[in-house]
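Only one chain is included here, represented as structure tokens and corresponding to the form predicted on its own.
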């Protein structure tokens, strides 16, 4: 049973901790519904959805104590049906130079490259949370047949737009960075723009559908 709690984080933040290792779909969508509601509150400067938590950063630190109670009350009020996600269609060029790990992964798993593309592009992924880099969304869940560990030696340079998998998650690198996920393809979609509002294209709870492009393997 989930026994949620709240606590203060520093002088201006309050954490709602759902106190479990993993949320089921109902609990996950309740958390996303609460996040969307809090985004409309003027007294918040930032809201961070974690794997099983939500952190609220307030403009006025004197309100932290009262928000500890409010978050618990709001958590009880929201249902999974209150959440209505946005769905993004993301074009992907799979394989060859765009996805240098596709061929070796196919050999490792005893599948064809087309099998991997079909498996990877079949699900409707959900943005579980954001982190690592601005605009980097952790997308669940990768089909069980494709669940592999990160590379033993991470790359020092992963191009922006790389579409990748690691364990039960998929992601798109929003900017060039080091990284140890397996690279399957590339997308031209811009995921982060500091001049946009919000700056991140993906929001927690959004749906993502990968669409293979004819310029790559299909």
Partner chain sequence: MLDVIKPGVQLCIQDLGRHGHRHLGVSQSGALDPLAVKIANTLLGNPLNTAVLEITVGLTQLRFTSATNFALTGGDLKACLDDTPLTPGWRYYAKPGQLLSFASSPDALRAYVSVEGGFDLQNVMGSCATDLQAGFGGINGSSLATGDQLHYTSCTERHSVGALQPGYHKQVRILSGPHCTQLDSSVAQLLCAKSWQVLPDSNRMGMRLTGPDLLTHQLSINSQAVLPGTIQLPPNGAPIVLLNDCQTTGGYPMIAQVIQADLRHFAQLSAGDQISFTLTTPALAHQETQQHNYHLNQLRIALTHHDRSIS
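Owing to the predicted nature of the structure, the values given are computational and were not obtained by experimental measurement. In this text, the rigid core denotes the largest set of C-alpha atoms whose superposition between the two forms falls within 1.5 Å. Positions refer to the first chain, counted from 1.
Keep in mind that the form predicted in complex with the partner chain is missing from the display, and what follows is about it.
- The partner chain in the model of the complex is not approached by residue 66, whose heavy atoms all lie more than 4.5 angstroms from it.
- The partner chain is not drawn, but in the model of the complex it has no heavy atom within 4.5 Å of residue 180.
- The partner chain is not shown here, but in the model of the complex it comes within 4.5 Å of a heavy atom of residue 61.
- Under a 4.5 angstroms non-hydrogen atom cutoff, the partner chain in the model of the complex has residue 131 among its neighbouring residues.
- Annotation: in the model of the complex, residues 15, 47 and 52 each come within 4.5 Å of the partner chain through at least one heavy atom.
- Residues of 4 to 40 lying near the partner chain in the model of the complex, listed in sequence order, are 7, 8, 9, 10, 11, 12, 13, 15, 17, 20, 21, 35, 39, the criterion being any heavy atom within 4.5 Å.
- Once the rigid core is overlaid between this form and the one not shown, residue 15 does not reach a Cα shift of 2 Å, moving by less than that.
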